[in-house]
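Let's start with one chain on its own, the form predicted on its own, as structure tokens.
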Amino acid sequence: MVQRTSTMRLLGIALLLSLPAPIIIVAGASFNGGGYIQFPPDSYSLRWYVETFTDPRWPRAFAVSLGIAAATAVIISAVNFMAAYYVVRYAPRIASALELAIFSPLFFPHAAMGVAMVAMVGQFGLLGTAPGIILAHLVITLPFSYRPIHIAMRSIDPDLIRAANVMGASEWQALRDIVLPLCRSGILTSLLFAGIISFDEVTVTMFLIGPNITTLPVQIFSFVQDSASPVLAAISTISVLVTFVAVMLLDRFAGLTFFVRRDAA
């Protein structure tokens, strides 16, 4: 029994150590001095990072992705906050049905969703525009944004709101002074996680880009079809670093436990 436990522990450690292996390989290849991706590098150089920042395509695509991710995170977090507040406060009976509807985007392949988004965005004349991409990203990030806000909302003692109403506070005042501060961690989790999902999204976005706008993941995908330059490794390393910093901020200020289902007392 002890030997079996030790074996399972070693297998678990080996699995955990293997998870970051692709990232380590990409990061190491980004410092290769040669003109092709190689790991381990035969020489070391920062030339590919210099090329990343001096080629206007990459900073422009990064800025577009960052702007779309920020707009998506703010809008979807605000919408989900109001939806969660309404369900918890006034319509708890529809909570399960609403959650099923909110999580429905996870049931569809991204390619099929991309085709559907083309039809929907095209109806508004937004194909090839940032608002069109944001509209699609709102649907994609909806399930990931709703859960932490809903969990935070359910953890609030409803007696606090009732007491505020009894003491003369309006619904808006109770929402602003009690609910919003107590949901701060859930909202921050929603903002960061929705931003990460939006920033890294590529499949659906490929259907919606235009000649005047593209995102960083789509730019990387298009570039890799024509070249195996180590600049791809440098850009990928920067993208991973940005995502890693966002996750660390998420864990530091909100905690990843918001994605664990907890029943209200």
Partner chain sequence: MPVSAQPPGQDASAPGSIEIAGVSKRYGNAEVLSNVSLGIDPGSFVTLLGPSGCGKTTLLRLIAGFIESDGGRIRIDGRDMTGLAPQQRPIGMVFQNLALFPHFSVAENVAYGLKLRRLEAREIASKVERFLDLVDLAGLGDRRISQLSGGQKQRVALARSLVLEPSILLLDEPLSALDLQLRKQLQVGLKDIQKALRTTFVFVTHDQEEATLMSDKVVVMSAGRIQQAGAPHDIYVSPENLFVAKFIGDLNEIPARIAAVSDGRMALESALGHIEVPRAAARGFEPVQGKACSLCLRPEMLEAKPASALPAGGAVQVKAQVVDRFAVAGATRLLLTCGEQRLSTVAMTHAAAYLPAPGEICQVSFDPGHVQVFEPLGADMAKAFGERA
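Note that the structure is predicted; figures quoted are calculated from it, not measured. Positions refer to the first chain, counted from 1.
Although not depicted, the form predicted together with the partner chain is the subject of the following passage.
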Heavy atom of Val74 within 4.5 Å of the partner chain in the predicted bound form: no
Non-hydrogen atom contact Ser170 with the partner chain in the predicted bound form at 4.5 angstroms: yes
Contact flag, Ala130 vs the partner chain in the predicted bound form, heavy atom cut 4.5 Å: no
Proximity of Pro181 to the partner chain in the predicted bound form, heavy atoms at 4.5 Å: yes
Members of 145-171 lying within 4.5 angstroms of the partner chain, judged by heavy atom, in the predicted bound form: Asp157, Asp159, Leu160, Arg162, Ala163, Ala164, Asn165, Val166, Met167, Gly168, Ala169, Ser170, Glu171
